[in-house]
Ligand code: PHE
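First comes one chain, alone, set out as structure tokens in the form predicted on its own.
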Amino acid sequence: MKKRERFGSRFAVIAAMAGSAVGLGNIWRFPYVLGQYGGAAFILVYIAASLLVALPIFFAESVIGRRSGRDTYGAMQLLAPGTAWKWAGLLTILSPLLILSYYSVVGGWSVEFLFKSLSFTFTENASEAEVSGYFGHFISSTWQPILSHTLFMTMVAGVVLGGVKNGIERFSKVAMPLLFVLILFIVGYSLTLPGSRAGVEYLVKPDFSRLNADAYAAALGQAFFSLSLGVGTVLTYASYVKKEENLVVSGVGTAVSDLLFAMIAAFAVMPAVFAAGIEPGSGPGLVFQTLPYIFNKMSQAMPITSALVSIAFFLTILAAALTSAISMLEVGVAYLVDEKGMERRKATLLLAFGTWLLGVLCSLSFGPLAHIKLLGLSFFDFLDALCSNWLLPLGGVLFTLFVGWRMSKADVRDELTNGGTCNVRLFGLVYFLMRYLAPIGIVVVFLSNLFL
């Protein structure tokens, strides 16, 4: 077998894994979810869920990936030969490709809105009604969203074609610092808006009366999905991590980066939402429907500044979408390269075309194919529900059960402590969380998707 590429440094590992985790979910999903469940109180629950449940699952995937040095299917074949665990590996090759098919459509929306910001569509010579209605008009059309979806997938494939070091690592080491700089710039602008103080108070003053069973389940689900768990991306990236790298330090660094970015994104969005007098729990349209309206409204007093912030914001969304999408495509590419001996170029183009084709159907489900339903859902919503509610939790619980109950404790200890040279005192706690608490947490997410 051809020698596998490796990430070149700890910073490269954290940048790539944090890039996989930091995506659209941090910028558009987290702000509106916390808006639905009371702000600051939800944040506290989310942090606890991230550290106590999501992070141990992250460790479990990392252990499998580095121990095997293979793709998700090859890892199960190597660590549990001749067993049914190989099907878990195949599942987590299919899941990220299905997610990417509709995720890239949303990524295409960020491409379109960035272009519109660059042409000052949201800040010059446009009425508030035109700006507010643009999103619905755009996604229901035929060719514009497909073109944007195509551009997005082309960018994703271009990075993956470069390989681990020259593609993924190089892009992540630039994109992640840029993401933090851009989002901090937006925070600075957002906090200067009249009325923004109410948004800040919403994020720092807990109202525990807003917490209920739905809120706890939502926080756990957000933590789980924010770190890209259960789809093999962490496992695949961990297979490129050198043996001397500290998995616990890299995992904590990734989780903290993801949490920090989510918090910063909340402080970028919520003050602006309150300044504009918009309901914070208005739902998934908060970014693509609400924020262009906010930029348009603010341009009346600060046209140049508002235009620059609009550009920076949608550039941030695009960069975040790309870092996550790249990791999803890499899962399938690693499988074809490792197990089928296919050249990276051929594997990348083949899978990129397949996901693009499926994405076209997802895009058209908002317009010409909106009348076609699968179990009462549009094609886009059906794939989203299938992956989010079923495939991701299933993949997550399989990984944690494999590490906690199938692998030997000695092998797990060897990986997490680098042969007993580090993290020895922490191992008992981490192992307990992986073996018991994490699987229970995933089952809670799974049941909440069914009944709440």
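All figures in this text were calculated on a predicted structure; none of them were measured in a lab. Residue numbers run from 1 along the displayed sequence.
Keep in mind that the form predicted in complex with the ligand is not shown, yet the notes after this line are about it.
With the partner left out here, the ligand still marks one of 19-27, 440-448, 424-432, 6-14 in the predicted complex; by a 4.5 Å heavy atom cut-off that stretch is 19-27. The candidate spot formed by Ser101, Trp356 and Cys362 lies out of contact with the ligand in the predicted complex, as no residue has a heavy atom within 4.5 Å of it. Although the partner is absent here, Val309 is not a contact residue: none of its heavy atoms lies within 4.5 angstroms of the ligand in the predicted complex. The closest non-hydrogen atom of Val269 lies beyond 4.5 Å of the ligand in the predicted complex. Although the partner is absent here, Phe225 lies within 4.5 Å of the ligand in the predicted complex, judged by heavy atoms. Heavy atoms of Ala265 never reach within 4.5 Å of the ligand in the predicted complex, leaving it off the interface. This chain is displayed alone, yet in the predicted complex one of Thr316, Ser172, Ser148, Thr233 has a heavy atom within 4.5 Å of the ligand; that residue is Thr233. Contact with the ligand in the predicted complex, defined as a heavy atom within 4.5 Å, holds for exactly one of Ser250, Thr92, Ser324, Ser110, namely Ser324.
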